[in-house]
Every structure is written in structure tokens, then in C-alpha cells.
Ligand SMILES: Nc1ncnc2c1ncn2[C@@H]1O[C@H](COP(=O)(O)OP(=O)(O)OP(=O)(O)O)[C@@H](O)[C@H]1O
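Next up: a single chain in C-alpha cells, the form predicted alone.
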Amino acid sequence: MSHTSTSPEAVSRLRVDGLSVRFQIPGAVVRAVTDARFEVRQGECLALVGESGCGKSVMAHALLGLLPANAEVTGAVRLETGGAEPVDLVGAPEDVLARRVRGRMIGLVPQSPATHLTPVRTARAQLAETLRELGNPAGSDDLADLARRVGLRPADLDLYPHQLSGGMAQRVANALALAGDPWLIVADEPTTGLDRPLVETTMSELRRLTDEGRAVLLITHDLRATEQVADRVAVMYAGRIVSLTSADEFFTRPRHPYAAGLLDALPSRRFTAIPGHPPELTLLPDGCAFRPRCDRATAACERIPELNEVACHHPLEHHAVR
């Protein structure tokens, strides 16, 4: 459900305007992200949801300039922070991304955080190194305070990655993301491999960050986790955002047939899968990409619909999902 932040008036935001990502591969072009438009403000959590392979994680890596060399990125992604000069992330030099953006303005919580930790170094050593790289050498009291902020005991920092439970590794990843005090956290599938109690704990921690005045872009396929933390929900299908509404609207009155299908597939609801499969991103159909799976499709759907909260020629008006 939707949450109301207790943070002061938002002064920073991420604006994504017409972002597209293409990958050139032998004999084909992967259209991973197409014309994405949204913004995330301080004090809110925007969840980007959709089936695996729809382009969600590519979006996250595009924001941080972490795509491989064969990626072609177009459009605009602007970081606006208070009265400071905005930073356009598309085309920004690597030194700008490394010294001004990553870790300082945007913190990344990676998918499967345990695999991103150096196996032969303690959590303390990795956290201290991250702080040094960000120009903020920390003493033991600083590290202990950061550990407490993410729900770890100071002694937990002396453990090696193989000694950490899934939940502890997730908290270490959160601490690394927060080390540079960024105002925006990008959490890429942070619940992968966690049991439900740890999922709920992780979402509570992300919610706390937004309530403290940060912004969170949550990239996930876990709708139960989304309902716990999100203020707004963007639904992605075949590289395009097809719905962008409040969390309340998404969970109680979905208007895009695909959004409704995602909710109907939940075991707590109708437990009915969407027929068919998403298209290959190298072989997208003309018009609305969801058309081959949609029972509302007509000839009008041969044209790509514009996004005005919902990108659909035949949006749902009264879809009961509860």
C-alpha cells in the first residue's frame, strides 16, 4: 500500500526522460529499455516491477553507468540535488560517475549481495575501504554506528562473507550502499534468495530510509515486498514502462491488463498465470508488445500506446483484484 513520508519537502530528484538502451550482438539488436520516463523524489520509494528479462536491471545499471561496452544509451537522466548543478548521467565521463555519483549521490544495493562481497576480507575491512575510497576515513566508532543503522551488531563486522547469513549479508550490502550518505538508493532485486521474514526485514529497512528523507528505486519481481514499501509502482514489460501509478492504484485498481495479470497470478489472489510468454527483446512485435497475450487486443493495438499513467488502448476500468 502507499506510504506517506515524514521527510521535509523534497529537494532532490532523479529525472529519467526518454531513456533507451540497445545492445548490439551478432545478427541482432537487443532493445532492453525503450523510452523510459519517470522520476524519483526524496522521501519516496518507486518500485519498478515486471517479469524477469523485461529490462529492469539494465535500467538500474544504466543509471550508474555500469553497462558493457556494446551498450548504446540515449535519452536523458538528470540528478537534481538542491541548488547544485544537475548532473546528466547519460554521457557523463567515467571520472564524474566515479567521483561524484556512485556511492555519493546514488548507492547501489546489488542483487545477491553475498556474491558481491570479497570472500577473503571481513565486512569491517570492506566497509572501511569503501569509506576511504569515498574520502571519509572512519574510526571504529563510525563503523559501529553504521552497523547499528542497518541492524548489525558491531561484532558482526568482523565476520567473513561465508560466515554471514543471507540477512546479514543483505545488511552489509545496505551499509556499503549508505557509506557515502547518498540521497538515492537503487536496490536491485534485494530480496532474491531470502526467506519471507528476511524479506520483510529488508523492506522495513528500505522504508526507514525513505522516511529519513532518502529516495529508493526498488527493482523487483516480488509484489508482496513491493506492497510493503512502495509509494508508487512502475510496471515494465518488454523494455517499456506500461503503467506508472500510486501503489494504492496498482494494488487495488490496476488499469493495464498486464498489471492486472501480475496481480491475478499471486497465490493470495486468483493464482492464474498470464497466458504465453514475454517476447524476446530482439524480436519485439509491432505496436503494443503485450498484444499477443492480451484478450482485449484489437487492431488499435498495432500502434504503440502513449503512457499517461497507463500505456494501453483499452485500459481496465473496474478490475477486482481483492
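Numbering starts at 1 and follows the sequence shown. Rigid core (definition): largest C-alpha set, two forms, superposition within 1.5 Å. No experiment lies behind these values; they were computed from the predicted model shown.
There is another form of this protein, the form predicted in complex with the ligand, and it is not shown here; the text below is about that form.
Query - Heavy atom of Arg41 within 4.5 Å of the ligand in the model of the complex - result: Judged by the heavy-atom cut-off of 4.5 Å, Arg41 is well away from the ligand in the model of the complex.
Report task. With heavy atoms only and a cut-off of 4.5 Å, decide whether Asp264 touches the ligand in the model of the complex. Result -> It does not: once the ligand is placed as it appears in the model of the complex, Asp264 has no heavy atom within 4.5 Å of it.
Query raised in the report: Closest heavy atom of Gln111 to the ligand in the model of the complex, within 4.5 Å or not?
Result: Output for Gln111 is yes: heavy atoms within 4.5 Å of the ligand.
**Report entry** Contact of Val30 with the ligand in the model of the complex (heavy atom, 4.5 Å)
**Finding:** Yes.
**Report entry** Interface stretch in the model of the complex with the ligand - options 255 to 263, 45 to 53, 283 to 291, 269 to 277, non-hydrogen atom within 4.5 Å
**Finding:** Going by heavy atoms within 4.5 Å, the stretch is 45 to 53.
Query raised in the report: Only one of Arg224, His221, Arg124, Arg78 has a non-hydrogen atom within 4.5 angstroms of the ligand in the model of the complex; which is it?
Result: That would be His221.
Requested in this report: Decide if the three candidate residues Phe23, Ser57 and Asn70 all line the ligand in the model of the complex, where lining means a heavy atom within 4.5 Å.
Outcome: Yes, because Phe23, Ser57 and Asn70 each have a heavy atom that approaches the ligand to within 4.5 Å in the model of the complex.
Query raised in the report: Thr245: CA shift of at least 2 Å between the shown form and the other one after core fit?
Result: Comparing forms between the shown form and the other one, the Thr245 CA shifts below 2 Å.
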